[in-house]
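Only one chain comes next, encoded as structure tokens, the form predicted alone.
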């Protein structure tokens, strides 16, 4: 543990070490629910420009930390930076979502995909990481991230968001070897990208597998989990004398938690559809758990928010190994005051579950 890092709560928890209270951060904590974020995004002109301008990406990463006593910063970026750098032509359209001008349609398209150089093709991300680390000045750790190969492939083949994942599932069942070629290529690209983030200053890594939960159990193991495990095996788990913890988050992965815990990750992210106490009883001390309040609770009122926080803390029980988070990203319609109630409640109510 670096003596320069003032708040070590998150990293200690991810390694199962004792802490004074449960650490908390929020997925999408730098986002549209904050008026200051909306102002910066307007200044940028569009979301892609915001992501690709290191000064602005740093600015929005820091905004929630100026408001709330969060235990971590998370790099402001997007999971689709890698496919964009592969030449698929990313557009992010308000109220529609991401669209690729050049989606993957054939084996030839996959064979022609380049492997982006993290410091060249994705240098703006590494510059943002370096700027954020400088700005944080050791106050809290910085989380870097990437999308899982399966999740990236869904966007690349569907051409954007999808309700039924018809195109990629057709490839999965009709041309599994073609899909495996793409997923292997993505796993290598994601490994390079995350290792570059670590070299630039990311102190924790999270892999987001947003769409793993749409798969059958055999398909999840073969087409999603296997490639996340490959990335974990290729990651720098130590850098500049510090251990780098890795969090895996698959939305909708309730029945696969034990398999995820066996990948070699340090923590498993949980969505809100799982009982954290039951999950803890299955995986024991093998991994830390992250989650898992329903983001919609933040639409309510302070009393309801505090009650829900208390319930989740009680379900997890005594001791370390729990990073409090939402079960998915905070939504744009949330009152920033309610986010503050949530964060303060976690710190205040969790002290009784820790001995030191």
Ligand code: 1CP
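Please read all numbers here as calculations on a predicted model, not as lab measurements. Positions refer to the first chain, counted from 1.
From this point on, the text means the form predicted in complex with the named molecule, which you will not see here.
Peer 1: What is the one choice in 161, 102, 139, 106 with a heavy atom within 4.5 Å of the named molecule in the model of the complex?
Peer 2: So the residue touching the named molecule in the model of the complex, by this definition, is 161.
Peer 1: Sort through 211, 227, 193, 220 and report the residue having a heavy atom within 4.5 Å of the named molecule in the model of the complex.
Peer 2: Going through each option in turn, the one that passes is 211.
Peer 1: My question is simply whether residue 98 lines the interface with the named molecule in the model of the complex - judged by any non-hydrogen atom within 4.5 Å.
Peer 2: Although the named molecule is absent here, residue 98 would touch it in the model of the complex, with heavy atoms inside 4.5 Å.
Peer 1: If you check in the model of the complex, is residue 204 within 4.5 Å of the named molecule, heavy atoms only?
Peer 2: Flag for residue 204 set to no.
Peer 1: Using 4.5 Å between non-hydrogen atoms, is residue 232 touching the named molecule in the model of the complex?
Peer 2: No, residue 232 stays farther than 4.5 Å from the named molecule in the model of the complex.
Peer 1: Though only this chain appears here, would residue 259 touch the named molecule in the model of the complex if you measure heavy atom gaps against 4.5 Å?
Peer 2: The answer is no: residue 259 has no heavy atom within 4.5 Å of the named molecule.
Peer 1: Counting heavy atoms only and using a 4.5 Å cut-off, do 28, 75 and 78 all touch the named molecule in the model of the complex?
Peer 2: Heavy-atom distance to the named molecule in the model of the complex: all three under 4.5 Å.
Peer 1: Want to guess which of 316 to 324, 287 to 295, 301 to 309, 32 to 40 is within 4.5 Å of the named molecule in the model of the complex, heavy atoms only?
Peer 2: Among the listed stretches, the partner-contacting one is 32 to 40.
Peer 1: Can you tell me which bits of 135 to 167 touch the named molecule in the model of the complex, meaning any heavy atom within 4.5 Å?
Peer 2: The stretch 135 to 167, when checked against the named molecule in the model of the complex, contributes 145, 155, 161 at the 4.5 Å heavy-atom cut-off.
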